[in-house]
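Before any questions on how it binds or moves, here is one chain, the form predicted alone, in structure tokens.
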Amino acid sequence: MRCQNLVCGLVLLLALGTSTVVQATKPEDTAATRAQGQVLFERTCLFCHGATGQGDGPAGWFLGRYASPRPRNFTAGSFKFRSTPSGDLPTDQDLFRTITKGIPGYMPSFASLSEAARWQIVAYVKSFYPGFRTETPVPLPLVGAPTPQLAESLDRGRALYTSFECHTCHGTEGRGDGPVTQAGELKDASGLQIQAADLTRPSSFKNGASLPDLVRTLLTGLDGTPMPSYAARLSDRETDAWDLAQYLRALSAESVP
């Protein structure tokens, strides 16, 4: 019995240790929730995203003129960081995850806000785009399990990196210096020139640097950027996506944040 209790305790600790922000419980979306979200939005988000959510706040103008990415225009209905197919809206959990974790180098984490406050901001952000009232986003499943970082897995990942021509943007060694990038041909949907991610620095991965984060990005793409979804091109999604993610991780000696 004592052994059983020990095993149960270990399982519980593992479950708690591997829990993520996407498992948080979503409250009911009401007018009161949105009103509270508006107050929080105007205190914490307006400076970049603007009063009307078009990414045209005072800091948004500066970022849009001199850097990329510019703050998200919530009224356009196009979101980079999703668990849904390319072209679809994000789930509520996707928005909650972005608000909680932030975007390295661009948007701060708001994990210091209470969970209820973050959900209120989600509800208000959704009010900028009417499609959220009629569509029910469905996430793509992360099928399969992470493959061990063995030579065979890395070889398969390297072959996929080459066959998908990832090097044209990210470079042969993943430093974000591919020929397309160096030619200045990478642009976002608004025509602003952007830089390919330096894969040797996981801290530059705006959508997260863990293996599940990388697989999610490979499957969904980053809408509004040249980074496409590879869901249709992975012949065996249960292993290929994880092998490619392992290879991307192996390009760096930097510890994953």
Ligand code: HEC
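In case it trips you up, residue 1 is the first one in the sequence shown, and so on. A quick note: this is a predicted structure, and the numbers were derived from the prediction, not measured.
The form predicted in complex with the named molecule is left out here; the points below concern that form.
Taking non-hydrogen atoms only, C48 approaches the named molecule to within 4.5 angstroms in the predicted complex. Interface residue remark: L218 is counted as part of the site for the named molecule in the predicted complex, having a heavy atom within 4.5 Å.
Proximity of I194 to the named molecule in the predicted complex: non-hydrogen atoms within 4.5 Å are present. In the predicted complex, the named molecule lies farther than 4.5 Å from every heavy atom of G53. A heavy atom within 4.5 Å of the named molecule in the predicted complex is found for exactly one of L154, L142, I103, L89: I103.
Screening P108, P179, G131, P146 for any heavy atom within 4.5 Å of the named molecule in the predicted complex leaves a single hit, P108.
Contacts of stretch 207-226 with the named molecule in the predicted complex, defined by any heavy atom lying within 4.5 Å, are made by N207, G208, L214, T217, L218, L222, T225, P226, listed in sequence order.
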